Every structure is written in structure tokens, then in C-alpha cells.
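Heads up, the chain below is alone and in the form predicted alone; it's given as C-alpha cells.
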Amino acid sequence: MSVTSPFVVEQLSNGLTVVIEVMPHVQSAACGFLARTGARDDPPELAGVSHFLEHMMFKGTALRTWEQVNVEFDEMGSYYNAYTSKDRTFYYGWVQTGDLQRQLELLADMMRSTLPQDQFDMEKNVVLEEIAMSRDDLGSVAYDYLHEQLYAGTPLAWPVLGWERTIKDMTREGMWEYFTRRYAPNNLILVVAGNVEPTDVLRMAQRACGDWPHVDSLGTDRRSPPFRTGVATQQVDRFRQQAVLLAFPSVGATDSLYETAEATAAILGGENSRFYWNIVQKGISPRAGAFHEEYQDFGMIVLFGLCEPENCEKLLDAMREEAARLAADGPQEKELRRVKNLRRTSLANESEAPFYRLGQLADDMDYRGRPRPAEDRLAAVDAVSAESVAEYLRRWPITGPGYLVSVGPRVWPA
């Protein structure tokens, strides 16, 4: 007996990809536009333009003022927002099924923002305030400094928010040129999930987006950055704690060991992890963990912790010791079970709500070019084992020098 796929993937004549997941058991629908552009696509002189542009997409179109955009979201009772990362920008809304057409039309209109000059001038101050606020957070400063040093000479070096100087110098004309190139329909994906009829959705998409002009040259050249070993120190007197980060290269999002890399980071530094019990609970650091950061073409694992400046050596030794122990002995069965069950529960919950499926589908389409059913994601988690962790750590060791970053009042390592 054949099983009907819940997915429909079509491309409009102008290059806009539309992916739909039919979820007949729910009473809502979510839709969003994924712009395949982010901070790593910002020109150096426009560092921060992708994030700034995200703000501007809510600030007025040929059909709606910024006030009307916000009022219309609220009238639908929409759960809506947007975010910008190193490699993408995503705009979304989640509504009752009956409001899907109105939601899609609103989001589509926003994708054709006029970037009003008065709103540009006003929003520039908002972005500058965000940059100022981020400088007051030690974790944010350390994260940005790691990328600035590790990926120096590449677009991944600058922060998503950009720098104060590039935002101050940015003009509406410079943003407009970037916007018209990068928000071309052939660089956008419309994602829809919920209790919907695909033919209706495709009709809505054609009506709202079918006349957008295709752009031949998107003007970007993404390349995987080289990963270096080394040490970088930034003295910042306004903080009382020190941030210590240790980064290692890892797999990208499409690698067969991706879920294993996620599990490895969780065993080391996730909830109730080795870092929690052997570093935080022992008073070495009030906050320590590990995370896996992935892109389509590469990834990295980062071990991190905050500490009193005089405890930097102790914290770094403790993080290295836990990494070495995991590499030598492998994970305990109870650790694997805990991490996998937590991941299974998260995936199961997400698979039942259109809003969360929207994010999963955006990941799949951006990184893999195809949607995956929730069962495929669960199967990838089930495949994680002590053997796969051992294979991952052989291919991507976390016991070498790595790239060490220290940020805080102490100049360490000197």
C-alpha cells in the first residue's frame, strides 16, 4: 500500500520555491518566508545590513504603513516574528487556518518593503542601541570575539548586528541595492505547514508573489572558512568575570554524523551534563556548557564557561579534562539514553505544531533542498550510539589545542 506524502514542493516561474506540509489533524497554519541571506552575505562595508533589513521589512510597503502592518498581525491574533542569523533571515506567522491567506498576503507584502527613509533613520538608532546592549553581555561579546578572531578575513568574522561604524555609515541606498539582490524570489523559500489545501496555497503564492522579478546574479560567494588553532585574548575591564571559550571544527548540517555531533555536545555541556556536574556543581564556574554550531557546509563545537578571573586555568583544565575523558572512555549508556530521549521528546512535540514544523522545514529546505518527515529526524536520533560517538570523535577530535578565546578583565593567557 502506498503512503501519500504530506509534502508538496513547487517552484513558481520566477524561481520562488514553495514547500507545503499538510497536517490535517490541527486547526491552525503557519507560513513564513526564508531569505537565504544572513550576516555571512553582508558586504564588509555593510556589516549588519541583513539584520538591519529584517527590522525594515516591518516598516512599510506600497500598500501598508508600518502601523497597518502591526495592526493587521494583531487583528489576526498572529504569533509572528522574524530573526536573522549568520546565514539566513526568516519571517513567519502562525494563525488559525481560516486566516492563512491573509497572513500569507501580509508577509508577502512585507517582502516588498519600500524601506521608507524616515523609518530607516529612526530604526538605525534602534539597531545601534541593540549593539550597545550586546556589549554589556559578556557571553555575547565573547561569542562575537571568537568569530572575529577565528574567521578573520571572511564574512563570518563580523557579528550579526554589525559594528557601530558600519551601521552609522549605512545608507538607505546601500541597503536597497542589497535588498533587491538578496530578496529575489529565486533566493526565497515560502514555507507553509498546517491544515491546508496545497492547491489553495499555491494559488495564494502565485497571486501574492508571482510577479516578483527573478534576479540572475545574487552577488554572493559562500565559501567554507578554514579552521585555525590559536589563542586570542580581549581585555574588557567593565566585566568582573572572565569568559573562556574553546572551539573545535565539526560537521555541517548535512553530514551523517550531525545528530551524533549534537549528542556529543549535549553529553559534555547540555542539561545535566558532565560540565554541569563536574564543573558547575563543583564551584569552578557558575555557568559552563558546550554547543554545536552548524551551517550547511561546516560546523564547530564550542566549550565555554564563565569564571572569576583568577580561575581561568582551573576552568580550562576542567573543560579539557572532561573532553579527554569522553574521547578516551566514550559515553555512558545512561548519558546516551538521557540525551536521545530529550531530543526525541523535543522532536515529537515540534512535529505536532505547525509553527515548529515551519522551522524544521526551513532547515531542511535551506540545507538539504528537500523536506523530511518527522520520522526521518527521529530515525537519525535513534542511530546515535556509543560507536557513532567514537567515530565522530575520531574524525573530529576535541582533545587538540583548538582555538582558545578569553574575554574579561584579566589578560590571559598572557
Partner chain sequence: MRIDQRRLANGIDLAVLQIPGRPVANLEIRVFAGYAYEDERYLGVAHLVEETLSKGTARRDGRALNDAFDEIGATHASFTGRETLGFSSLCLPEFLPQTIALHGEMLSTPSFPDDACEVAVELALQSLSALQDDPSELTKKLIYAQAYGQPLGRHPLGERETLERTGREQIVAHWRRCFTPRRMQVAVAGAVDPTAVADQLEAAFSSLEASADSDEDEMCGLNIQFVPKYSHHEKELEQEQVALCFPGSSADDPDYYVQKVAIGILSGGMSGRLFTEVREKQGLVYWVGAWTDQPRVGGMVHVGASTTPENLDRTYETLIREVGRLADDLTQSELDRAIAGLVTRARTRGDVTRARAAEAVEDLFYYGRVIPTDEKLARISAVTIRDIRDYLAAHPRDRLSVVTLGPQKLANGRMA
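This one's a predicted model, so the numbers in the text were calculated from it and none came from an experiment. Positions refer to the first chain, counted from 1. Here, rigid core means the biggest group of C-alpha atoms that superpose within 1.5 Å across both forms.
There is another form of this protein, the form predicted together with its partner chain, and it is not shown here; the text below is about that form.
Contact with its partner chain in the predicted complex, defined as any heavy atom within 4.5 Å, is confined among 362 to 370, 385 to 393, 33 to 41, 341 to 349 to 341 to 349. This chain lacks the partner; the member of 254, 278, 224, 233 within 4.5 angstroms of its partner chain in the predicted complex by a non-hydrogen atom is 278. In the predicted complex, its partner chain sits within 4.5 Å of a heavy atom belonging to residue 125.
Though the partner is left out of this view, residue 267 does not reach within 4.5 Å of its partner chain in the predicted complex, counting heavy atoms only. Looking at residue 311, you'd find a heavy atom of it within 4.5 angstroms of its partner chain in the predicted complex. Taking the partner from elsewhere, residue 165 is found to have every heavy atom lying beyond 4.5 Å of its partner chain in the predicted complex. Residues are counted as partner-facing when one of their heavy atoms sits within 4.5 Å of its partner chain in the predicted complex; in 58 to 91 these are 58, 59, 66, 67, 70, 71, 74, 75, 76, 77, 78, 79, 80, in sequence order. The rigid-core alignment places the CA of residue 401 less than 2 Å apart between this form and the one not shown. A movement of the C-alpha atom of residue 379 falling short of 2 angstroms is seen between this form and the one not shown when the two forms are aligned on their rigid core.
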